[in-house]
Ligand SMILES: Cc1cc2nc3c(=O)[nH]c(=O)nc-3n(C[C@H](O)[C@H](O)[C@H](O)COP(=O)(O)OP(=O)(O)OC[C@H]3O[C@@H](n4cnc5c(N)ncnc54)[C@H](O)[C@@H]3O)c2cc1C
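The form predicted on its own is given below as one chain in structure tokens.
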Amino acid sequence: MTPHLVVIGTGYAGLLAALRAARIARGRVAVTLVGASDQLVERVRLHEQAATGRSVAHPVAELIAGTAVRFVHARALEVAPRRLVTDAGVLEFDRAIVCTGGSVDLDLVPGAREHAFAIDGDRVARLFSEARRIAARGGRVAVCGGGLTGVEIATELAEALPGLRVELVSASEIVPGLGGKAREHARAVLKRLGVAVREGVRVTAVAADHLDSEAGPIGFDLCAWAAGFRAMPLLAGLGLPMAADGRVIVDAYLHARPDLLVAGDAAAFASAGGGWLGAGCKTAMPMAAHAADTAVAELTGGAVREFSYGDLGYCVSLGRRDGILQFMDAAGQPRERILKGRVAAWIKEQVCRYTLLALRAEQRQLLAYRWQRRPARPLVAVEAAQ
């Protein structure tokens, strides 16, 4: 009987894992993609949608057309040993790859879920509509979270809707994962665009028209929430080891248990620099490609290697005409060197385009997705799983 691989999730990681597995298996493994959404949302462009209203979603059916991937439009409810329970029925599998991702944490403080717009696929369209409406009367937008997402959404809104009064509120320094030069450039661009920045101010609650914070109330007409991170809860009740943010701790090959691999923002993988490998598209896609390689090799008697990832840098857009490229060292720490301005903005745009191009290349069997492995890991032969 042909072994069955089930991939759960229709984000970047899920689609890449399914397409790659189908390509390299060449009919030796049946591949099923399961997702609650039948759209791929380009999460690296959500800040653009929030400021312009342009959709960044693509039908899954188009991205798997012409491949051996079977799509089941259903919500995964439980991943039992070799069995996936969904709201449309049960699927038996020999291996599964969970790529359900994560989102900003709307339960981080009281009131955020009720009164703030999360920067995710479901609420971004409404965020744009509301932002455009209040911009016409000079309204105020509070962006909570000074990480990359918060800074990108604040600069996009301020540039695209100059009538808005945008305020960025961060519990720490802004862009904490970047170096000093990158941070100073981000501050300069925010100032140029008229964004008021409050660093070191912790929000304690969100009300209908203001933030409660350690510095006192901060009024708004619209609140955009880009703080915190939580993995999706699909695997939470299985007794697997978990990181504090809900990600499942995986081994060197990305296994959570022998029949189950986890990739992308749902996985906690020990990084070379200590702690967990960061979430985001730039780590999710390499993990998904590796998980696909591993699953197919285990099901067909190929060769596997430990996952390895080299962090080359961060690309940050600061509106449409400015940006930052922060180079990283072998331990994943920021180097002194950065690129900034229009060149960095152009590079970020190419990176965003590449995510979709990589999926289409796997779909059409033109090129295999590649990433920087640091350090390189040897291949180890395995027998086909029974």
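Predicted model, so just to flag it, every value in this text is computed and none were measured. Numbering starts at 1 and follows the sequence shown.
There is also a form predicted together with the ligand; it is not shown, and the following applies to it.
Checking Arg198, His255, Arg140, Lys282 against the ligand in the predicted complex, a heavy atom within 4.5 Å turns up for just one residue: Lys282.
The listed set Val151, Ala224, Cys99, Ala291 contains one residue whose heavy atoms approach the ligand in the predicted complex to within 4.5 Å, identified as Cys99.
Within this chain, Ala51 is remote from the site of the ligand in the predicted complex, having no heavy atom within 4.5 Å. In the predicted complex, the ligand sits beyond 4.5 Å of every heavy atom of Val31. Interface residue remark: Gly323 is not counted as part of the site for the ligand in the predicted complex, having no heavy atom within 4.5 Å. The closest heavy atom approach of Lys348 to the ligand in the predicted complex falls within 4.5 Å. For the three residues Gly145, Val169 and Ile218, a heavy atom within 4.5 Å of the ligand turns up in the predicted complex in no case. Comment: 31-39 is the region of 51-59, 31-39, 333-341, 357-365 lying near the ligand in the predicted complex, near meaning a non-hydrogen atom within 4.5 Å. Looking at 1-20, the residues that come within 4.5 Å of the ligand in the predicted complex, counting any heavy atom, are Ile8, Gly9, Thr10, Gly11, Tyr12, Ala13, Gly14.
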